[in-house]
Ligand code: GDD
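Form predicted alone, single chain, as C-alpha coordinates, below.
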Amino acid sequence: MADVSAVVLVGGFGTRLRPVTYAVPKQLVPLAGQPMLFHAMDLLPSPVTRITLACGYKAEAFEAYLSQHPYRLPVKVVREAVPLGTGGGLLNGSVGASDPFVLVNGDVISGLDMDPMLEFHLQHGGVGTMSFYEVDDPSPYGVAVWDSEQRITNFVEKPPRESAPSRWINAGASIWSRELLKEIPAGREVSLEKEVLPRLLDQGVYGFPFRGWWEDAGTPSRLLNAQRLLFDHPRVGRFTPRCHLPGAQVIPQVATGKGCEAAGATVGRYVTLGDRVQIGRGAVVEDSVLMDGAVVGDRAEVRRSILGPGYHVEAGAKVHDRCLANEGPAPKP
(Lines give C-alpha, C1' and ligand atoms only; values in the text may rest on other atoms or scores of the structure.)
Protein backbone atom coordinates (compact mmCIF):
# COMPACT_ATOMS: atom_id res chain seq x y z
CA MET A 1 0.00 0.00 0.00
CA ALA A 2 1.15 3.54 -0.74
CA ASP A 3 1.65 6.63 1.40
CA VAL A 4 1.58 5.20 4.90
CA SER A 5 2.48 7.82 7.49
CA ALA A 6 3.95 7.41 10.96
CA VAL A 7 3.83 9.41 14.17
CA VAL A 8 6.80 9.08 16.52
CA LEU A 9 6.29 10.24 20.11
CA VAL A 10 9.26 12.12 21.61
CA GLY A 11 7.51 14.38 24.11
CA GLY A 12 8.91 13.05 27.40
CA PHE A 13 11.43 14.75 29.68
CA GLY A 14 13.76 11.75 30.10
CA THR A 15 13.87 12.32 33.86
CA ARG A 16 15.52 8.97 34.65
CA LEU A 17 18.49 9.91 32.45
CA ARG A 18 19.23 13.23 34.11
CA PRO A 19 21.54 15.12 34.16
CA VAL A 20 22.35 14.08 30.56
CA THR A 21 18.81 14.95 29.45
CA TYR A 22 19.14 18.47 30.82
CA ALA A 23 21.51 18.94 27.88
CA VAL A 24 20.11 16.60 25.22
CA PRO A 25 16.67 14.99 24.79
CA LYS A 26 16.74 11.27 25.49
CA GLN A 27 15.97 10.26 21.92
CA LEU A 28 19.07 12.07 20.62
CA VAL A 29 21.47 10.16 22.87
CA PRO A 30 23.65 8.13 20.46
CA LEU A 31 23.56 4.34 20.68
CA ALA A 32 25.68 2.08 18.47
CA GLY A 33 26.63 5.08 16.36
CA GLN A 34 23.32 6.83 15.74
CA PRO A 35 20.68 8.51 17.89
CA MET A 36 18.09 6.44 19.70
CA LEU A 37 15.44 8.18 17.58
CA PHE A 38 16.87 6.82 14.33
CA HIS A 39 16.87 3.28 15.70
CA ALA A 40 13.18 3.72 16.59
CA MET A 41 12.34 5.08 13.13
CA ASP A 42 14.22 2.18 11.53
CA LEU A 43 11.46 -0.08 12.93
CA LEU A 44 8.81 1.48 10.68
CA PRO A 45 7.36 -0.82 8.02
CA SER A 46 8.59 -0.40 4.45
CA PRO A 47 5.39 1.28 3.11
CA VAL A 48 5.94 4.30 5.41
CA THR A 49 6.86 7.35 3.32
CA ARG A 50 6.67 10.22 5.84
CA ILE A 51 7.12 10.73 9.56
CA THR A 52 5.81 13.24 12.07
CA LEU A 53 7.71 13.77 15.32
CA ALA A 54 5.32 14.73 18.12
CA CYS A 55 7.69 16.84 20.21
CA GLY A 56 7.46 18.54 23.57
CA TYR A 57 10.69 18.87 25.54
CA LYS A 58 13.60 20.44 23.60
CA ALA A 59 11.79 20.38 20.26
CA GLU A 60 14.36 22.82 18.89
CA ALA A 61 17.09 20.21 19.46
CA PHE A 62 15.25 17.73 17.22
CA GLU A 63 14.80 20.39 14.54
CA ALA A 64 18.48 21.30 14.63
CA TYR A 65 19.66 17.68 14.58
CA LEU A 66 17.42 16.65 11.69
CA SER A 67 18.46 19.74 9.74
CA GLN A 68 22.12 18.73 10.04
CA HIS A 69 21.58 14.96 9.85
CA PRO A 70 18.55 14.24 7.61
CA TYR A 71 16.87 10.88 8.06
CA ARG A 72 16.27 8.70 4.99
CA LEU A 73 12.55 9.66 5.01
CA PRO A 74 10.98 13.13 5.31
CA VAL A 75 10.45 14.05 8.97
CA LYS A 76 8.19 16.88 10.15
CA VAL A 77 8.56 18.21 13.69
CA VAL A 78 5.30 19.22 15.41
CA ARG A 79 5.65 21.01 18.73
CA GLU A 80 3.46 20.85 21.83
CA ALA A 81 2.85 24.19 23.56
CA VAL A 82 2.20 22.31 26.81
CA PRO A 83 2.76 18.62 27.72
CA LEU A 84 -0.05 16.58 26.15
CA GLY A 85 0.77 12.99 27.13
CA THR A 86 0.80 10.08 24.73
CA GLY A 87 -2.77 10.58 23.51
CA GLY A 88 -2.67 14.35 23.26
CA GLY A 89 0.73 14.24 21.61
CA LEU A 90 -0.56 11.78 19.04
CA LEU A 91 -3.59 13.93 18.27
CA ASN A 92 -1.41 17.04 17.98
CA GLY A 93 0.89 15.30 15.51
CA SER A 94 -1.76 13.46 13.51
CA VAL A 95 -2.73 16.15 10.97
CA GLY A 96 -2.63 14.52 7.55
CA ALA A 97 -2.13 11.02 8.95
CA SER A 98 -2.88 8.13 6.60
CA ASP A 99 -5.47 5.44 7.27
CA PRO A 100 -4.06 3.30 8.76
CA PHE A 101 -1.05 5.03 10.30
CA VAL A 102 1.87 3.77 12.39
CA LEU A 103 2.62 4.93 15.93
CA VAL A 104 6.03 4.37 17.56
CA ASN A 105 7.56 5.56 20.81
CA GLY A 106 10.83 7.35 20.13
CA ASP A 107 12.72 5.26 22.67
CA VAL A 108 11.74 1.83 21.32
CA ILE A 109 14.78 -0.42 20.88
CA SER A 110 13.81 -3.82 19.53
CA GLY A 111 14.09 -6.46 16.86
CA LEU A 112 10.42 -6.18 15.88
CA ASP A 113 9.63 -6.56 12.15
CA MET A 114 6.67 -4.27 11.46
CA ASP A 115 6.04 -5.39 7.87
CA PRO A 116 4.22 -8.61 8.89
CA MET A 117 2.57 -6.63 11.67
CA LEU A 118 1.09 -4.24 9.08
CA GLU A 119 -0.12 -7.20 7.03
CA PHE A 120 -1.72 -8.68 10.15
CA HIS A 121 -3.50 -5.39 10.86
CA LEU A 122 -4.90 -5.10 7.34
CA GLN A 123 -6.12 -8.72 7.42
CA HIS A 124 -7.90 -8.40 10.77
CA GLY A 125 -9.54 -5.05 10.15
CA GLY A 126 -9.71 -3.83 13.73
CA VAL A 127 -9.21 -0.30 14.96
CA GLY A 128 -5.65 -1.11 16.02
CA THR A 129 -2.85 -3.63 16.34
CA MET A 130 -0.31 -3.34 19.17
CA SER A 131 3.05 -5.07 19.54
CA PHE A 132 3.77 -7.01 22.74
CA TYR A 133 6.92 -8.49 24.25
CA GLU A 134 7.12 -10.95 27.15
CA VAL A 135 9.12 -9.90 30.24
CA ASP A 136 9.67 -11.30 33.72
CA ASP A 137 8.32 -8.23 35.54
CA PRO A 138 5.48 -6.47 33.67
CA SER A 139 4.61 -4.04 36.48
CA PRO A 140 6.24 -0.91 34.92
CA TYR A 141 4.34 -1.33 31.64
CA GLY A 142 0.95 -1.77 30.02
CA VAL A 143 -0.06 -5.44 30.09
CA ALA A 144 -2.56 -7.29 27.87
CA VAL A 145 -4.31 -10.59 27.38
CA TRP A 146 -6.02 -11.69 24.16
CA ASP A 147 -8.27 -14.44 22.88
CA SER A 148 -7.55 -17.19 20.36
CA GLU A 149 -7.87 -14.70 17.50
CA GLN A 150 -5.38 -12.34 19.21
CA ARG A 151 -8.09 -9.80 19.95
CA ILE A 152 -7.23 -8.00 23.19
CA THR A 153 -9.74 -8.66 25.94
CA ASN A 154 -8.02 -6.84 28.80
CA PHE A 155 -5.38 -4.14 29.06
CA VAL A 156 -4.03 -2.85 32.38
CA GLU A 157 -1.48 -0.05 32.70
CA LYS A 158 1.30 -0.71 35.24
CA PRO A 159 -0.38 -3.41 37.34
CA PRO A 160 1.24 -4.77 40.52
CA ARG A 161 3.48 -7.67 39.55
CA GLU A 162 1.51 -10.21 41.57
CA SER A 163 -1.79 -9.28 39.92
CA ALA A 164 -0.67 -8.63 36.33
CA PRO A 165 -2.97 -10.48 33.90
CA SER A 166 0.01 -11.67 31.82
CA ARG A 167 3.69 -10.97 31.21
CA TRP A 168 3.10 -9.54 27.73
CA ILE A 169 3.81 -5.80 27.75
CA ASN A 170 3.07 -2.98 25.34
CA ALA A 171 6.25 -2.83 23.24
CA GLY A 172 5.72 0.73 22.03
CA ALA A 173 4.94 0.16 18.33
CA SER A 174 1.39 -0.01 16.97
CA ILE A 175 -0.78 0.48 13.89
CA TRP A 176 -4.10 2.30 14.02
CA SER A 177 -7.12 3.26 12.01
CA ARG A 178 -7.91 6.98 12.03
CA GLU A 179 -10.96 6.03 14.09
CA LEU A 180 -8.63 6.14 17.08
CA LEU A 181 -8.19 9.90 16.70
CA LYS A 182 -11.92 10.50 17.23
CA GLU A 183 -11.64 9.02 20.72
CA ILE A 184 -8.90 11.41 21.95
CA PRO A 185 -10.14 14.57 23.71
CA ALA A 186 -8.57 17.71 22.25
CA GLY A 187 -6.80 20.51 24.06
CA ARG A 188 -5.55 18.71 27.15
CA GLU A 189 -3.12 16.07 28.40
CA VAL A 190 -4.39 12.58 27.61
CA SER A 191 -2.94 9.16 28.36
CA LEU A 192 -3.58 6.92 25.37
CA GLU A 193 -3.00 3.82 27.48
CA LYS A 194 -5.14 4.75 30.51
CA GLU A 195 -7.95 6.86 29.07
CA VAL A 196 -8.42 5.89 25.44
CA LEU A 197 -7.36 2.29 24.92
CA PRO A 198 -9.84 0.70 27.39
CA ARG A 199 -12.71 2.30 25.45
CA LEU A 200 -11.42 0.91 22.15
CA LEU A 201 -11.30 -2.76 23.02
CA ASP A 202 -14.93 -3.31 22.01
CA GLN A 203 -14.08 -1.99 18.53
CA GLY A 204 -11.35 -4.58 18.02
CA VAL A 205 -7.75 -4.02 19.09
CA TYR A 206 -5.39 -6.90 18.36
CA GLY A 207 -2.15 -8.05 19.94
CA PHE A 208 0.91 -8.82 17.85
CA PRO A 209 3.34 -10.70 20.12
CA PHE A 210 6.95 -11.10 19.07
CA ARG A 211 10.07 -12.65 20.55
CA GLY A 212 13.72 -11.94 20.07
CA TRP A 213 14.94 -8.75 21.76
CA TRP A 214 13.53 -5.53 23.17
CA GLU A 215 14.57 -2.91 25.70
CA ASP A 216 13.09 0.13 27.41
CA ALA A 217 15.99 2.59 27.20
CA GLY A 218 14.64 4.88 29.91
CA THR A 219 17.29 4.36 32.60
CA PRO A 220 21.11 4.44 32.33
CA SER A 221 21.50 0.68 32.79
CA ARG A 222 18.71 -0.11 30.31
CA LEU A 223 20.06 2.39 27.80
CA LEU A 224 23.46 0.70 27.87
CA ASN A 225 21.81 -2.72 27.52
CA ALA A 226 19.89 -1.35 24.53
CA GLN A 227 23.22 -0.36 23.00
CA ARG A 228 24.59 -3.88 23.51
CA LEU A 229 21.52 -5.31 21.78
CA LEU A 230 21.88 -2.90 18.86
CA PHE A 231 25.55 -3.77 18.39
CA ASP A 232 24.79 -7.49 18.58
CA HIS A 233 21.78 -7.33 16.21
CA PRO A 234 22.55 -4.81 13.45
CA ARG A 235 19.58 -4.01 11.23
CA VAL A 236 20.59 -5.14 7.75
CA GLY A 237 20.59 -2.40 5.13
CA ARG A 238 20.01 0.45 7.57
CA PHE A 239 23.24 1.58 9.23
CA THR A 240 26.80 0.32 9.64
CA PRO A 241 28.64 1.77 12.65
CA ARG A 242 31.87 3.59 11.78
CA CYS A 243 35.03 3.19 13.86
CA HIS A 244 38.17 5.27 13.27
CA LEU A 245 40.58 5.47 16.21
CA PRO A 246 44.19 5.43 14.97
CA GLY A 247 46.66 4.25 17.58
CA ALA A 248 44.03 2.91 19.99
CA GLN A 249 43.41 -0.66 21.06
CA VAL A 250 39.85 -1.21 19.88
CA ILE A 251 37.74 -4.10 21.16
CA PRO A 252 34.67 -4.42 18.87
CA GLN A 253 31.97 -3.32 18.84
CA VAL A 254 32.81 0.42 18.82
CA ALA A 255 31.20 3.30 16.90
CA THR A 256 32.86 6.70 16.57
CA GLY A 257 31.88 10.10 15.32
CA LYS A 258 34.11 12.58 13.50
CA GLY A 259 37.43 13.82 14.83
CA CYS A 260 37.85 11.40 17.75
CA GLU A 261 41.30 10.77 19.20
CA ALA A 262 42.29 7.89 21.48
CA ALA A 263 45.93 7.04 20.70
CA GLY A 264 47.34 4.83 23.45
CA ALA A 265 43.91 4.15 24.99
CA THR A 266 41.79 1.00 25.11
CA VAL A 267 38.24 1.44 23.80
CA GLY A 268 35.52 -1.22 23.81
CA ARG A 269 33.59 -3.44 23.98
CA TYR A 270 30.19 -1.76 23.35
CA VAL A 271 31.21 1.91 23.11
CA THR A 272 29.76 4.84 21.17
CA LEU A 273 31.80 8.04 20.86
CA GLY A 274 30.23 11.23 19.53
CA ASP A 275 32.14 13.80 17.49
CA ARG A 276 35.47 15.18 18.72
CA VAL A 277 35.79 12.89 21.75
CA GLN A 278 39.29 12.91 23.25
CA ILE A 279 40.59 9.89 25.21
CA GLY A 280 44.01 10.08 26.84
CA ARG A 281 46.87 7.59 26.86
CA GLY A 282 46.42 4.62 29.14
CA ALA A 283 42.72 5.36 29.55
CA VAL A 284 40.06 2.64 29.31
CA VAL A 285 36.52 3.18 28.01
CA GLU A 286 34.16 0.21 28.07
CA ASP A 287 30.40 -0.37 27.73
CA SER A 288 29.66 3.37 27.63
CA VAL A 289 28.34 6.31 25.62
CA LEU A 290 30.48 9.46 25.37
CA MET A 291 28.73 12.33 23.64
CA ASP A 292 30.18 15.12 21.49
CA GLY A 293 33.26 16.79 22.88
CA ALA A 294 33.67 14.56 25.94
CA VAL A 295 37.21 14.28 27.29
CA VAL A 296 38.74 11.39 29.23
CA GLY A 297 42.11 12.11 30.82
CA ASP A 298 45.21 9.92 30.77
CA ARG A 299 44.92 6.63 32.70
CA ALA A 300 41.25 7.28 33.56
CA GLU A 301 38.60 4.56 33.45
CA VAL A 302 35.04 4.96 32.14
CA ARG A 303 32.93 1.81 32.44
CA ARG A 304 29.15 1.30 32.10
CA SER A 305 28.61 5.07 32.03
CA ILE A 306 27.05 7.85 29.97
CA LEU A 307 28.88 11.17 29.58
CA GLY A 308 27.02 14.18 28.24
CA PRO A 309 28.37 16.67 25.70
CA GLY A 310 31.70 18.22 26.69
CA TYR A 311 31.99 16.37 29.98
CA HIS A 312 35.57 16.05 31.30
CA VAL A 313 36.92 13.09 33.27
CA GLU A 314 40.11 13.99 35.09
CA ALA A 315 43.33 12.05 34.58
CA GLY A 316 43.43 8.88 36.67
CA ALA A 317 39.75 9.11 37.70
CA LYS A 318 37.47 6.07 37.76
CA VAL A 319 33.93 6.60 36.48
CA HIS A 320 31.88 3.44 36.86
CA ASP A 321 28.06 3.11 36.54
CA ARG A 322 27.46 6.85 36.24
CA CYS A 323 25.33 9.20 34.17
CA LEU A 324 27.13 12.57 34.10
CA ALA A 325 26.76 15.90 32.30
CA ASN A 326 27.78 19.52 32.64
CA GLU A 327 24.24 20.90 32.67
CA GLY A 328 21.74 20.65 35.50
CA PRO A 329 22.21 20.00 39.22
CA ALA A 330 25.43 18.36 40.38
CA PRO A 331 25.06 14.57 40.53
CA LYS A 332 24.83 12.94 43.93
CA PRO A 333 27.90 10.89 44.92
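For every residue, the number given is its place in the sequence shown, counted from 1. Keep in mind that this is a model prediction, so the values were computed, not measured.
Below: the form predicted in complex with the named molecule, not depicted.
Interface membership of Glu80, defined by any non-hydrogen atom within 4.5 Å of the named molecule in the predicted complex, is confirmed. Interface membership of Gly142, defined by any non-hydrogen atom within 4.5 Å of the named molecule in the predicted complex, is confirmed.
Among residues of the shown chain, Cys260 is not one whose heavy atoms approach the named molecule to within 4.5 Å in the predicted complex.
When contacts are judged by a 4.5 Å heavy atom cut-off, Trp214 counts as touching the named molecule in the predicted complex. Checking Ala265, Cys55, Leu44, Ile51 for any heavy atom within 4.5 Å of the named molecule in the predicted complex turns up a single hit: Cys55. Note on the interface: of 203 to 211, 227 to 235, 250 to 258, 104 to 112, the segment with non-hydrogen atoms within 4.5 angstroms of the named molecule in the predicted complex is 104 to 112. Not one of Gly33, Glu63 and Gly274 comes within 4.5 Å of the named molecule in the predicted complex, counting any heavy atom.
Shown here without the named molecule, the chain has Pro83, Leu84, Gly85, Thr86, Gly89, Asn105, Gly106 in 83 to 106 lying with a heavy atom within 4.5 Å of that partner in the predicted complex.
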